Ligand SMILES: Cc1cc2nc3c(=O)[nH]c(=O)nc-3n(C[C@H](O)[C@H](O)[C@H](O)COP(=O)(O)OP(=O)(O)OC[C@H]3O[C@@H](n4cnc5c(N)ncnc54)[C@H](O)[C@@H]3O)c2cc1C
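Only one chain is given next, in structure tokens, and it is the form predicted on its own.
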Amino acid sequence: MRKGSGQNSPDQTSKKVLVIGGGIAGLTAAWELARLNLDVELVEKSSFLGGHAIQFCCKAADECQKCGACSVEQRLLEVIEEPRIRVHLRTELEGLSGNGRFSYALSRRPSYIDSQKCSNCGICFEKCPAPGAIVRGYSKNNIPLYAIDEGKCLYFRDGNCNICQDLCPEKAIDLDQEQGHVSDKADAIVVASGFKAFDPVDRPRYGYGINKNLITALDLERMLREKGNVVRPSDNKAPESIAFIQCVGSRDHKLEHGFCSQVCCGYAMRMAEAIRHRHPEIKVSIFYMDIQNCGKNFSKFYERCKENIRFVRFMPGDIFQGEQDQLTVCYGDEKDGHAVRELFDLVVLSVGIMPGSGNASLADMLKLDLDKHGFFASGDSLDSTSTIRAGVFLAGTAQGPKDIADSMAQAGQAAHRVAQYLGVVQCPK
């Protein structure tokens, strides 16, 4: 384990920060705080650290495309090796009181798998008779690498199956483990609770969950990370044509989602470039409203993409299942608007970044404001990390849509603001 950076001063020893959320923003905030010799309690409600971003694949073609996927893996490793950071998985904030120094209560669901004993052998994953009951993390740095889903586990249905517990060579599984509670105090709080991806089921005309070869961008990320190649879910064959449909769920006034998710354009173009680099025979089309700038040297990147990717400035109306599991995409010709029907082997929905499902309850508990869309509202127009409550700061997509790089940058800024608030570093003159 890597030792904490620097020497402790007497007034720093007792300083502790509660970081809510273990995605890339929470990981970055925690790591930056630890570098400032602050103790960190990192709370993550799921079974694994890394959030959505740890599921992303590398999109490098001839050169790095700055997608940020590798930085998530590196930051996860740094966090688990940092002794000043204590991680609480499957844990949520259930109570908070005080000002200046906060008293908090955490509710921790049973982990069932002891991370100190588990060797990540995978026997439980391989031998479990219930599909999806044993879940595997997306990173080798997830500790433990496996978790139990009570909703699918047969033991929690009728108590008759405990194969995983019996077969575990390290005796790391205890299916009778009970829920726990933790109470402690913190000098500051960073809210990095992340986002919820838009559920395309709420846009039924596309037929997500019905059309076999209609997937989301997150589905594609996981596919490439796990399998290394893009295939049609219906037959595991390589597609000859792929369509990306942008702004699914965001910039949709009918759903009262007028905001831009900011990441979808860059994501689709980088993913399309990566796919075509590996399989230049695949034809890729991107259907869009307009293209948002996605970083440094964007103009050159966009012009390069247009050489190999077809861009269609028209949002499809409907998608139908066709013969041989192809999908018929219905849209209008961008020149005269006449109806067009085109077949694709695979369609990818670039789903938007939505406010976290627990934002309202968490905001109520923390006495924070939400903006009109449901993201946490900053308390200062010049400082996006601030809130209306002293000692509570924001980081990442909890505050609004942003990509990995911007989430990490804001998390670093939040850590610095915490350090200023606690007097660990001096405010700039």
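When you see a residue number, it is the position in the sequence shown, counting from 1. Everything numeric in this text was worked out from a predicted model, so none of it was measured.
The same protein has a further form, the form predicted in complex with the ligand, not shown here; the description that follows concerns it.
- Put simply, Glu44 is close to the ligand in the predicted bound form: some heavy atom of it is within 4.5 Å.
- In the predicted bound form, the ligand sits within 4.5 Å of a heavy atom belonging to Lys402.
- The closest heavy atom approach of Asp187 to the ligand in the predicted bound form falls outside 4.5 Å.
- In the predicted bound form, no heavy atom of Ala414 sits within 4.5 Å of the ligand.
- Contact annotation: the ligand lies within 4.5 Å of heavy atoms from the stretch 345-353 in the predicted bound form, the single such stretch among 95-103, 345-353, 148-156, 245-253.
- Every residue in the set His52, Ser193 and Tyr267 has a non-hydrogen atom no more than 4.5 Å from the ligand in the predicted bound form.
- Contact annotation: of the candidates Glu221, Glu273, Glu73, Asp325, the single residue with a non-hydrogen atom within 4.5 angstroms of the ligand in the predicted bound form is Glu221.
- For the residues Val79, Ile134, Leu214, Ala217, the 4.5 Å heavy atom test against the ligand in the predicted bound form is passed only by Ala217.
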